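Take a look at this single chain, the form predicted alone, given in structure tokens.
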Amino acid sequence: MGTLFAPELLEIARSLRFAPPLSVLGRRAGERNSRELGHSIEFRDHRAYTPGDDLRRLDRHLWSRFHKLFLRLGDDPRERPIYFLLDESTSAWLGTPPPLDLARQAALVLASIAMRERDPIGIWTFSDQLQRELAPRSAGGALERVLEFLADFTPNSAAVDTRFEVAVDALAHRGLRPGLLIVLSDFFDRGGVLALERAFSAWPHELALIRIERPTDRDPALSGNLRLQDCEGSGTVEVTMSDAVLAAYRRAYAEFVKGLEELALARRAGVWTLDTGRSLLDQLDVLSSGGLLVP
């Protein structure tokens, strides 16, 4: 797997599983939906067949009429789709290691847990629009497919600034089954927290926010007279980094983090922060102790 995807990550992930959806938190203690494969309980819609889908859901009546393969879709409580949205804007590639490395590691671990529980998964990346896609597949897909997708990343010349409203709206209009959307990003959007609020209002289902933070995001090691360039645009600004300026920055950053947490609280979502200055192996407890994962 190389140094980016150490085997130890998946070894530790075997002891974890996703917490139940908010919609089932009111059940009796110990009650949990079955993970056995089965047919959908309630018919809902059709979509075109793609290789790897569950053949038991093929609609034979449509095949006999149109000689095309369609799947019957239903709200099956035994399956909980898990969707990943990874930020690959310019800022996601800055730093050593870049935030996108940690985001990809976390996505692989979480995807492996979902597949072990036979939950369907799909993965998208975005900047100012949706970029790469690993289309959702039926439960139990091959981990190698996910690993190959996440490993094959290089800086995308088409990826510039971050526009959550465009990306989430595009995803919400894909006709996806209700499921958990896990967003991995630094959540820096030119529109601020208000833009994030508008963006996530387009997603009506479960939501989890994993914030990838560099140590210099919260405490920049800058001094003197500087010309700073917008890492996701072409603008520059000249500034003298005095103690007062740094203090103002830290206050603004704290307000941004607080706003994101309040947004998540209003959506009954969660925010988990992963630090690029630490290995993911040392931070898996952040996801489990925070309620996204459980032993």
Partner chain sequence: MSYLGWPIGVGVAIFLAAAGVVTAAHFLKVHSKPVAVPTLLFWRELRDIRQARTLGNRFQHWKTWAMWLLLAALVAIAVVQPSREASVRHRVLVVDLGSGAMARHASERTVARARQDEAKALLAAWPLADRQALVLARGQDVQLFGYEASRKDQLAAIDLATAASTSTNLAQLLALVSALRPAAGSFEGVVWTDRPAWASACETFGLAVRRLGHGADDGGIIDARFEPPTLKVLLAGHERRLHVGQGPDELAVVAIGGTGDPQWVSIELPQLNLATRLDLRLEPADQGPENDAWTVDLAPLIRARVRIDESCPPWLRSLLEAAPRLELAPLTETTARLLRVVDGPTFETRSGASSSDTRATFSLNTGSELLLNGARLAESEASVGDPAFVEGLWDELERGLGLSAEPIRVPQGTEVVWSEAPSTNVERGARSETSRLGARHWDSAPSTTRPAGADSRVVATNVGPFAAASPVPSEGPRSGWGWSLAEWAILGVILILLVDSGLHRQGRVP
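Being a predicted model, the structure only gives us computed values, none of them experimental. Positions refer to the first chain, counted from 1.
What comes next is about the form predicted in complex with its partner chain, which is not displayed.
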(message) Only one of 167-175, 183-191, 121-129, 103-111 has heavy atoms within 4.5 Å of its partner chain in the predicted complex; I'd like to know which.
(response) 183-191
(request) Using a 4.5 Å heavy atom cut-off, state whether Asp217 contacts its partner chain in the predicted complex. (result) yes
(request) Spell out, yes or no, whether the shortest heavy atom distance between Lys68 and its partner chain in the predicted complex is within 4.5 Å. (result) no
(request) Flag Thr154 as yes or no: does it have a non-hydrogen atom within 4.5 angstroms of any non-hydrogen atom of its partner chain in the predicted complex? (result) no
(message) Residue-level contact is defined here as any heavy atom of the residue lying within 4.5 Å of its partner chain in the predicted complex; does Tyr49 satisfy this criterion?
(response) no
(message) For a quick check, can you give me the residues of 212-231 that have a heavy atom within 4.5 Å of its partner chain in the predicted complex?
(response) Arg214, Asp217, Pro220, Leu222, Asn225, Leu226, Arg227, Leu228, Gln229, Asp230, Cys231
